[in-house]
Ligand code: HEM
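Okay, so here's just one chain, in structure tokens, the form predicted on its own.
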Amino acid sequence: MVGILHFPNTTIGKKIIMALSGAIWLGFLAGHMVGNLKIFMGAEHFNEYAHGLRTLGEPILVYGQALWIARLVVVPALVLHVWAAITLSLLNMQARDSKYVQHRKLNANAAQLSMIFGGIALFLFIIFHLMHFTLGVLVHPSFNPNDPYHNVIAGFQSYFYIPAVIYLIALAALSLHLYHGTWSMFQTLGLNNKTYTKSLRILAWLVAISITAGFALVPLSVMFGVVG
């Protein structure tokens, strides 16, 4: 029992927590992206989809309960992911301070170097996103809780498309985070080897590009008048 409780404090324990919590968020992002693309099917269909998320599971579940169950999964996963990332970074900093450890920063790729700052930026963006589209209390000119389609269109069109630009910048950071995170997840879970390394790197890029491109289609389509 003591060993199990100590496991999260080990380096491998933190990496596994990072990998599993990242996998949860990867699944959430993929589902969220697919749902967002329903906006191209029109206002009625998109609003029915948004309402359906709140009635999901009825009559076994009550109104909105399925969403709260999902939140009870993704929110703790985010907290654990951030905790593991911070504590691992502190351990790496301590290791670099040792004269016996080689500093390999020069050999790191752009995705690796951006993980910490990109993660912070994405965390702040999640807060912005919730306040913008979920609560409608930040830079939204006419938030209507009963009309999600309108909220998306008006939210991206407002203030000379500044919110849309913010989203696109955040998605650029997300693409690097997803690539390195997916690749690190493969490594942590022991899925990579000499035979599959190249294929798994390609898969990591495909995951990163497909999810970020899917999200980017919506603000870009609003900016160029494809939907609205």
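Predicted model only: the values in this text are computed from it and were never measured. Quick note: we count residues from 1 along the sequence shown, nothing fancier.
One more form of this protein exists, namely the form predicted together with this ligand; it is left out here, but the text below deals with it.
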Exercise for the section: Using heavy atoms and a 4.5 Å cut-off, decide whether Lys14, Gly22 and Trp83 all contact this ligand in the predicted complex. Expected result: no
Handout entry: Asn192, heavy atom within 4.5 angstroms of this ligand in the predicted complex
Key = no
Practice task
Indicate whether this ligand has at least one heavy atom within 4.5 Å of a heavy atom of Phe128 in the predicted complex.
Solution key: no
Exercise for the section: Mark Phe186 yes when one of its heavy atoms lies within 4.5 Å of a heavy atom of this ligand in the predicted complex, and no otherwise. Expected result: no
Exercise for the section: Examine Phe28 and determine whether its closest non-hydrogen atom to this ligand in the predicted complex is within 4.5 angstroms. Expected result: yes
Practice task
Find the only residue in Leu171, Ala43, Leu203, Leu56 having a heavy atom within 4.5 Å of this ligand in the predicted complex.
Solution key: Leu171
Problem - Within 4.5 Å of this ligand in the predicted complex: residues from 48-87 (heavy atom criterion) - result: Ala50, Arg54, Leu67, Arg71
